[in-house]
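Just the one chain here, laid out as C-alpha cells, in the form predicted on its own.
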Amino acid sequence: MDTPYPTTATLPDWLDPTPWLEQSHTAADVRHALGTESPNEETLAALLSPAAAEFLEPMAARAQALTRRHFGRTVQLYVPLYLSSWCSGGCAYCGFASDRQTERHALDYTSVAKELDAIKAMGFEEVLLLTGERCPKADVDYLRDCVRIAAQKFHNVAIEVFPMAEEEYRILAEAGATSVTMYQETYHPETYDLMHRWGPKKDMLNRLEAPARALSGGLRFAGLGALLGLSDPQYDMLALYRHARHLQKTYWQAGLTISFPRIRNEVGGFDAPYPVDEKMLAQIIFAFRICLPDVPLVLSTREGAAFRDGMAGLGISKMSIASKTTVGGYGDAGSEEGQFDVSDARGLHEFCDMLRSKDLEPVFKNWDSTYR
C-alpha cells in the first residue's frame, strides 16, 4: 500500500542501543552493576541480561531502598478517561485500529464534564485524557476544549493522544494540560514499520520526537514507554533508557515518567511475538529503578492485582486504578468495547486499603494548578 508517511526509519546515534546489545554479561558484571553509584547504559544492559535473572532478590532490595529514598512510602494515583475510539491508524496490536469491526464513539462536551465529575467524586486529582490517532472526531480543537473542561476540575491534566506540532502542544498547555504520555511502542525500526500498517503513526521519527516538541511547547512532564511484547525487550528497554536520558539532558527543567505496558488481549486477537512474563517484567522494573533512581515508574491496570501489589513501592511509585478502557464509563454511560482488557479491576477503596496494609500512602495530589 502506498503511504505518504516515511517507513523504516534509522535511529539517531544518541538512541541506538546496538553497542550494549553486542556485549555478553556474567554474574560478576551483574554484581558490579548492583554496586555502582553512577549507573549508565552498561549498568542497565547488565541488569537486563539473562545473567541478572538469578539476582532478582538483591535487585528488588536495591530498587526498594532507592524508591523509599526518593519517593518515601507513597504511591501516586491517577485514572484514565478515553474521550474517543475513532482512529485513522492501523496498529496491529490495538483494539481501536481503524479496521476493527467495533462501534466508534466520541464523548460530547456535556458527557466529558459528567465523566470528569464522576471521576472527581471518586477522589482523583490527576486524570489522563486519551484518544486514537488524529481524526475529525478528535482533533486538536476538540482536545483543547476537553482539556479546558478537565482543568477546571483537576489540578493535573495529562494527555495521551496523537503526536502534534510544537504550536499545537502549546495550545493544549495554555488550555491547562500539564503532562504528555507518548509510548514509542517499539524503538526497533523494522518492527515499528511492520506493526503500524497504515496511517500517520507509520512515521516513526515524528512519534519519537513528539515528547521533545511537547516539552518545548510548554508541557511540564513527559511520560515515555515501549509496548513490551512487540520486539526484543532488551533492545527496546535500552533504547527507552537512552531516550529518557537524552530528554533529561536537553530538558533538565522538565519531569519524566517511565511506564512498562505489556500487550493485553484486544478484539483483533493479536499475539505478542516477544512475550514478556512477570519475572522478566519485574527484572525490567528493578533495573530501571536502579538506573533512573529519581524518575517515577508507572504500572497500570494492564497488570494483575497480585503482581501490582508486589511491585507497589518496590520500584513502582505511580499507578492507575479503577480504570476503564471504554469511551467514558465512569458516569451514566460508556461504550461496550474497550481498547484492551483490564487485568486489575479493583475499585479505588479496595486498592488504597491494600497500599495502606503495606505501609504505603496513596497520594492523589502532588501538583497544584496554580503552577500551570
Partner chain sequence: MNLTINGKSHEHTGNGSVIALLGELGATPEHSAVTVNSNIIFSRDWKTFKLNNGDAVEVLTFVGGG
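Positions refer to the first chain, counted from 1. Note that the structure is predicted; figures quoted are calculated from it, not measured.
The form predicted together with the partner chain is left out here; the points below concern that form.
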Within 4.5 Å of the partner chain in the predicted bound form by heavy atoms, the stretch out of 25 to 33, 301 to 309, 323 to 331, 39 to 47 is 301 to 309
The partner chain in the predicted bound form: contacted by all of D13, Q234 and R242, heavy atom 4.5 Å
no
Check whether R68 has any heavy atom within 4.5 Å of a heavy atom of the partner chain in the predicted bound form, and answer yes or no.
yes
Answer for G347 alone: is it within 4.5 Å of the partner chain in the predicted bound form, judged on heavy atom distances?
no
Report yes if any heavy atom of K120 sits within 4.5 Å of a heavy atom of the partner chain in the predicted bound form; otherwise report no.
no
Contact of P275 with the partner chain in the predicted bound form (heavy atom, 4.5 Å):
yes
Which one, V79, L247, I290, A282, lies within 4.5 Å of the partner chain in the predicted bound form by heavy atoms?
A282
Could you pull out the residues of 217 to 252 that have any heavy atom within 4.5 Å of the partner chain in the predicted bound form?
none
